[in-house]
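One chain follows as structure tokens, the form predicted alone.
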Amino acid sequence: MALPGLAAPLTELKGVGPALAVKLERLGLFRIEDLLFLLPLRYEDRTQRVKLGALEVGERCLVSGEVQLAETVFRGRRNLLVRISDGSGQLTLRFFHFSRQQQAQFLRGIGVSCFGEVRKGPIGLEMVHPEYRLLRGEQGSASNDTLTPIYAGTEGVQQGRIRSLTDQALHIMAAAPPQELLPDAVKQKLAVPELAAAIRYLHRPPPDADVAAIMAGKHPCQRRLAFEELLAHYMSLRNLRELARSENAIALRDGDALITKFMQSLPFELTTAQRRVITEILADLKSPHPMMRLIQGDVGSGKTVVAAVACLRAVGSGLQAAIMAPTELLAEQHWRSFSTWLEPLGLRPAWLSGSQRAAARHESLAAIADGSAGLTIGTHALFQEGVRFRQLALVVIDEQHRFGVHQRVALREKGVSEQGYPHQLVMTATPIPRTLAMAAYADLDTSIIDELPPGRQPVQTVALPETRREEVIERVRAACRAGQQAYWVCPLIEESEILDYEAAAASYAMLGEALPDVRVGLVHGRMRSAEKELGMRAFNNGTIQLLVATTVIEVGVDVANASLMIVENAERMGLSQLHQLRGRVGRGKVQSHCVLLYKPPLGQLARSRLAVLRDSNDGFVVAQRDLELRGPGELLGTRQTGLPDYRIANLVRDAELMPEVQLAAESIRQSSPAIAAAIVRRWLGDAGRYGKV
């Protein structure tokens, strides 16, 4: 009987019916080939048997012996107890879930091999629900020839079943190995083996394998697979970029007078970095192909002004621009800023959000549809069904890391018209280390605003235990008496029995009582939009001196008079989030301070995290440490949205591979387009996930 191919569905394997196939899909397994890339989480050494008389409590090991007794007992619940002996000692196997047929297998004198954790039981040492097999005279072959892999599991699929399926997949691979797609020159440079050899080694390592290197992801076999996976994702995003460059967009060449008038009206001078990035953007917008550009800039570097110039290019060309922010608070902040800047030029931005009243929403939708709204600002509601732009020429996405790759592609499709795609400008205030940016944003050209406006002083940061709260409150009182304003940030809105974070509502009450001469306000995510707007406006105009808030104020809030930031439970927040919060102060001429309150004792990880913030105001330094401590999923917000989940590669561990990935990708895409397409298809499926090949 002919073996199925690696591209065949899993139902072609022995023992896989429709029900099991559905369970395997939860592990991302659809084809036989997928099993080859489901690498073990860890390994157990079952190559050597341990004598029963030498067992130690807590040890996970392989043992064997003859059945002396099998009986069902009732001690609170039904138990099957099987006592085995090998002449050196005895061991009890305990089962809580078993069938009558299973019990009948344990005949007196039959050999059994089992693996599990040794525990102390009521009648001696025991194993609870060990993996086992009956030897029936094969006791000599009870041990394994390779280390035993432990795979990621899902409900209803036991380890033995996954190992059996991977055995079948490896057998099929041996008969018809997958095509070797990496060029020999790349493999030699990396000093890595062929694909099939790497796969077999990682699934069934020999007893003398360097398990520590495998678990650290540093083994040549693992680097071989990680490299090809990173290569597939990188080339997929590059394909998306090339696709954009080959498609049409409206070349935006007008609006110079409007832009000049706007820049002259600003009450401050643009930095050299802002002017450089504006030049790059305006050059892109003149192209008849869609711009796809990312602006990176630290908190307070002035990205919004740069985005305003880009929008004026579209509006000045008689077309439309849209700015999307991830939260209503940030979108409202943009709407206020743009209204202040543009109304003197005769332009009034339209506003659109999910919580808008029906009449106001209807008015905004009509203005967007007939083109009278040259600039529209809002949340993701901008791209929902029912929103029709007359001619959308530019999309600006703020805090890009909150949306992810899939949303970026979806927004691009939303704005398509007979004249092509809209230009896209995405911004992030989370500086991204270079190697991570290569992997996450390979479809975008990148501009960096690496300069803060003149006169900005670095925020001085201290970390204090919560036992010094009274001192911090006095510091707030002194700042407010001096005419300054302050933030007091708490992670939760209400008291929680599960998490002992300080709640914003409790802190608001406490601070109102402790500071009767200070005007205290409260803003949090559960408030209605109108309530938040009132609170923020009161803080903006100085009616509120101390704003107690949750992390909804993490981005976008810009009050120059605020010079003091207090963060509760700072030890439980990520570095990038703390850096964003710190960036809400330091926007005026007065020296600003950030106080990180923590609950002692501090663990080593929390201590090192707070030390980074205390020692550096550089967002790129903070982001690099955050990447090392928490990983790319947290830094880029992919838990919510959408960087791809890598099956084998790790963007932190394998960052050193990215420069070589970049070189190999350009070489393969130019010299062997068919090979490039095959690599993307192997790892991302026929759709290529992000871009056509």
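Start at 1 and count along the sequence shown; that's the residue number. Note that the structure is predicted; figures quoted are calculated from it, not measured.
The same protein also exists as the form predicted together with a small molecule; that form is not shown, yet it is the one meant from here on.
Although the partner is absent here, residue 320 sits far enough away that none of its heavy atoms falls within 4.5 Å of the small molecule in the predicted complex. Residue 194 falls outside the set of residues with a heavy atom inside 4.5 Å of the small molecule in the predicted complex. Shown alone here, residue 217 lies farther than 4.5 Å from the small molecule in the predicted complex, counting heavy atoms only. Contact annotation: residue 620 falls outside 4.5 Å of the small molecule in the predicted complex, judged by heavy atom distances. 558 is the sole member of 558, 363, 280, 531 with a non-hydrogen atom lying within 4.5 angstroms of the small molecule in the predicted complex. None of 239, 304, 447, 461 but one reaches within 4.5 angstroms of the small molecule in the predicted complex through a heavy atom, and that residue is 304. Stretch 304 to 312 is the contacting one of 343 to 351, 369 to 377, 304 to 312, 217 to 225, since its residues have non-hydrogen atoms within 4.5 Å of the small molecule in the predicted complex.
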